[in-house]
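The chain below stands alone and is given as structure tokens, in the form predicted on its own.
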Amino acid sequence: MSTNRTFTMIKPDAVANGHIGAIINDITAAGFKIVALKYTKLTEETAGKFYEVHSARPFYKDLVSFMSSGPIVAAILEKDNAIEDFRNLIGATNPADAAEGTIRNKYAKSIDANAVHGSDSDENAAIEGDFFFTAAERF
């Protein structure tokens, strides 16, 4: 069952490069409602917990290090068909393969520093949203 909600993070690279406002503008211009929003910084421990599903993969330590390297912006977004529409809006993981006009095409520098995270399923969107936000922080 689709919840019509998804989770995103503007990653440390995009925050450091001053793209928060432009990315949020692209998100809202695409018809997403921001249900929750938080500017924060992950520690290595919290980044490790968030990406625990990848702990056996060779890129895990680099990912944790990168995601704890600077502030991020976490958000829960709402829209009909939220997961698929947001994945289309952000583009391919590798910005070199991302369609023109997508967030990663416009703001990402590499497959590692790819500007944004987007949930890949309703189940993961709920888990990821719950990781960052309490019920009282959602509107």
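Residue numbers here begin at 1 and follow the sequence given. Because the structure is a prediction, the values reported are computed rather than measured.
Only in words, not in the display: the form predicted together with a small molecule, which the text now covers.
Here the marked residues H54, R87 and H117 all reach the small molecule in the predicted bound form, each with a heavy atom within 4.5 angstroms.
Mapping the unseen interface onto this chain, T93 counts among the residues with a heavy atom inside 4.5 Å of the small molecule in the predicted bound form.
Among heavy atoms of E44, none comes within 4.5 Å of the small molecule in the predicted bound form. In the predicted bound form, none of the heavy atoms of V73 sits within 4.5 Å of a heavy atom of the small molecule. When contacts are judged by a 4.5 Å heavy atom cut-off, F59 counts as touching the small molecule in the predicted bound form. Residues within 4.5 angstroms of the small molecule in the predicted bound form, judged by any non-hydrogen atom, belong to 108-116 and to none of the other stretches in 75-83, 35-43, 108-116, 22-30.
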